[in-house]
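A lone chain, given as structure tokens: the form predicted on its own.
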Amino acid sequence: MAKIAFIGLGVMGYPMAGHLKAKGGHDVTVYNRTAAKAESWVKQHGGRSAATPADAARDADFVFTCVGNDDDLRSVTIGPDGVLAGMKAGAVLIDNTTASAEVARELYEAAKARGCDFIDAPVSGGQAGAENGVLTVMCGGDEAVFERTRPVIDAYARMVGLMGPAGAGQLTKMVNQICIAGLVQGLAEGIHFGKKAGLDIEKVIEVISKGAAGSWQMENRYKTMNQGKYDFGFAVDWMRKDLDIVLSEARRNGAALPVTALVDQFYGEVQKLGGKRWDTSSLLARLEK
């Protein structure tokens, strides 16, 4: 059993911290900007809550963060109340936020300067993956630190991999989001075309999902898309945040991402339709408006 601090109890962090307590059997202290959320977690899972990130991290062997963006991440890690101010030498900071590779490298250096270690570990699998403890975790950092950390991460994951040095986990998550954006747009257009052609979408998907067109998106989202229901996971606002990170990185490294840039604009149109909190499969709603 390890002593763990978990910072950020949103739709992902709340169940992930729960798995570390229940499945991992660890001693978990939580912090959330809205204290009532932390109190609710403690009431459900046990453990304790802390008044600041630094207090939560004090004496912890592993400190997890799962917040909104680069600025949120810096606010809970750096400064007098940040986790790095409370972490003991030799402890590991694991960041599950989807953030930039730049901030991952920044935190790696900041942790090392304090005698600690850092792993960037963004996740894929959405809210359902977090709740069921079957997330895919893409890590960046030192191999020896990763090997020490992996058994702890396993409590909420079905796949954990080291992608390279600090920042490589975030870069891999960017690849993940690039692929998802194109897949969802293709699925939306296919369903839209099928409807316009007068086809039975249920029958169409039953057949094509068993061939080369098949994907996780098709298997898990086509029914709700066909019904015009978009309340099943990762929100459009969050996807646009992620795609902004992707496109910013592409401008730095020279990658050409014409489809990703176009789909990002399409998600902007979905937001204007009132779909900021719809899930990412709502690209179909834009075609059917």
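From 1 onward, residues are counted along the sequence shown. Everything quoted here is computed from the prediction, not taken from an experiment.
There is another form of this protein, the form predicted in complex with a further copy of the same chain, and it is not shown here; the text below is about that form.
The partner is absent here; in the predicted complex, the one residue of E102, E147, D81, E206 having a heavy atom within 4.5 Å of a further copy of the same chain is E206.
This chain is displayed alone, yet in the predicted complex one of A38, C66, M225, V246 has a heavy atom within 4.5 Å of a further copy of the same chain; that residue is V246. Contact check for N96: no non-hydrogen atom falls within 4.5 Å of a further copy of the same chain in the predicted complex. Remark: V42 does not count among the residues lining a further copy of the same chain in the predicted complex, judged by a heavy atom distance of 4.5 Å or less. Mapping the unseen interface onto this chain, M138 counts among the residues with a heavy atom inside 4.5 Å of a further copy of the same chain in the predicted complex. Taking the partner from elsewhere, L199 is found to have a heavy atom lying within 4.5 Å of a further copy of the same chain in the predicted complex.
Stretch 216 to 224 is the contacting one of 66 to 74, 216 to 224, 49 to 57, 29 to 37, since its residues have non-hydrogen atoms within 4.5 Å of a further copy of the same chain in the predicted complex. Looking at a further copy of the same chain in the predicted complex, residues L171, L187 and G190 each place a heavy atom within 4.5 Å of it.
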